[in-house]
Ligand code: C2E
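Presented below, as structure tokens, is a lone chain in the form predicted on its own.
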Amino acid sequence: MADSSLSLQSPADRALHQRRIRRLLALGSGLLVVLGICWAVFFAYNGDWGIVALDAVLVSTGLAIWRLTQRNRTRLAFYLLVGVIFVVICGISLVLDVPSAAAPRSAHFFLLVVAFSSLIFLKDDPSGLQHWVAGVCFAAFVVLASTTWGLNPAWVLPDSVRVVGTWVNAVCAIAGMYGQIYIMLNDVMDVSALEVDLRKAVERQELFLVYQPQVTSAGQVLGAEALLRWQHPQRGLVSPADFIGLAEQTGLIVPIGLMALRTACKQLVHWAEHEEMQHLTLSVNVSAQQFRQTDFVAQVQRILAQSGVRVQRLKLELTESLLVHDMDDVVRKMTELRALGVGFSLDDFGTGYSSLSYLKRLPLDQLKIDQSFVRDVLTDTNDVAIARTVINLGKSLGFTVIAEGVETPGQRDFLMENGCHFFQGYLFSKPLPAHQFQAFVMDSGLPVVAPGLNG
């Protein structure tokens, strides 16, 4: 699947989470810069240059976090944010901000902001790191809030300064918590509104298919993959990453998937009317939720019969996430559909639940090298090994192997050198509306070839 489509592998919550953490990092870097500058000016006026240097570290960290976020290195930015704030806050609390009868300790308030941020940022971390980070921050907060211990009384700031600092720190910490809650609520409201719009989109038929060509190394067109798009009346073209996962969560993926299959079959019937296009195949993504419907095979049979499509030209593209539940049911349904002439392609192979034991049981025609392995195949030795393994495995099992996400001549040449000769990606063409795809095929100047030979 060279593009987000009917697949659990491109959920809307992934895009939502990315947007959320970027906002959180922007909030954190902004707080560091503003607080650092304000306190630097204050302590510079009072001649406390050691503290000014500490504030300069905060400002520099804030700017570094902002820069890393802009470069999409959000994980490194978050670790930098958490590490610096934790060390600086604990240090200030134990050295400069030791409580007295006139002024309580207040610097440790920011540990709550960090703890809450970690629960949001690392919510999908499989190692449970978010609980460790939050736990350490909460524990440090409790210790600092419950004790009056400090390292050296001579280093403690005067109460006149700390009284002001108590107000500033409390206001800023509350602002940080409010900002995080606001971001979360905003996202929830956005998702709720998008869900309402998506339900209307299904009724209004705002969803449509585009077609990304699949070609050989000689430029011959094998077929295409059908990819879902949504033309929203106000938002414009909505990214599949923003609505496919939502469709999965709400169950709308089932009617959407059936619509996509009907449209694809009609398109194949139309192509069959043209001699130059009658041998094209069309791959349609099927979500795990859709495939698990008890009457899925009957649904496909009805669509095939109603459309009059040449069944051999249709491929159903499955993802590995489908294979973790009830393998016997998966094999049974695939076998029944294969008996009708429907082909099968396994997408995202190697990204999640790979097992050689299931490959020999599945009636597959095609393996796809996931674009995540193709992207860095010229620079990452692990991706090189994985790509070669998939190609050799596919050949040995008699499957066609196609590489998706091919964007550069270098990637194509590497894949060809290692025995893969079928491609899909922006190097050849972006996903196209039906009429533009037909023009692409006609303009290719080479005969269309039917797939089946393993590259």
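Position 1 is the first residue in the sequence shown; the rest follow in order. Source: prediction; values computed, not measured.
What follows is about the form predicted together with the named molecule, which we do not show.
Asks: Should Leu316 be counted as a contact of the named molecule in the predicted complex, where contact means heavy atoms within 4.5 Å?
Replies: Looking in the predicted complex, residue contacts with the named molecule do not include Leu316, since no heavy atom lies within 4.5 Å.
Asks: Is there a heavy atom of Asp55 lying 4.5 Å or less from a heavy atom of the named molecule in the predicted complex?
Replies: Heavy-atom contact with the named molecule at 4.5 Å: absent for Asp55.
Asks: So, Gly394 and the named molecule: in the predicted complex, are they within 4.5 Å at any heavy atom pair?
Replies: Although the named molecule is absent here, Gly394 would stay clear of it in the predicted complex, with no heavy atoms inside 4.5 Å.
Asks: Answer yes if any heavy atom of Tyr426 is within 4.5 Å of a heavy atom of the named molecule in the predicted complex; otherwise answer no.
Replies: Because a heavy atom of Tyr426 falls inside 4.5 Å of the named molecule in the predicted complex, the answer is yes.
Asks: Taking the partner as it appears in the predicted complex, which of 236-244, 292-300, 151-159, 95-103 has residues with heavy atoms within 4.5 Å of the named molecule?
Replies: After filtering at 4.5 Å, what remains is 236-244.
Asks: Among Cys137, Val377, Ile89, Ile253, which has at least one heavy atom within 4.5 Å of the named molecule in the predicted complex?
Replies: The residue in contact is Ile253.
Asks: Considering non-hydrogen atoms and a 4.5 Å limit, which listed residue (Ser307, Thr74, Gln371, Thr166) is close to the named molecule in the predicted complex?
Replies: Exactly one residue meets the criterion: Gln371.
Asks: Judged by heavy atom distances of 4.5 Å or less, which residues of 380-414 approach the named molecule in the predicted complex?
Replies: Going through 380-414 in order - heavy atoms within 4.5 Å of the named molecule in the predicted complex - the hits are Glu404, Gly405, Val406, Glu407.
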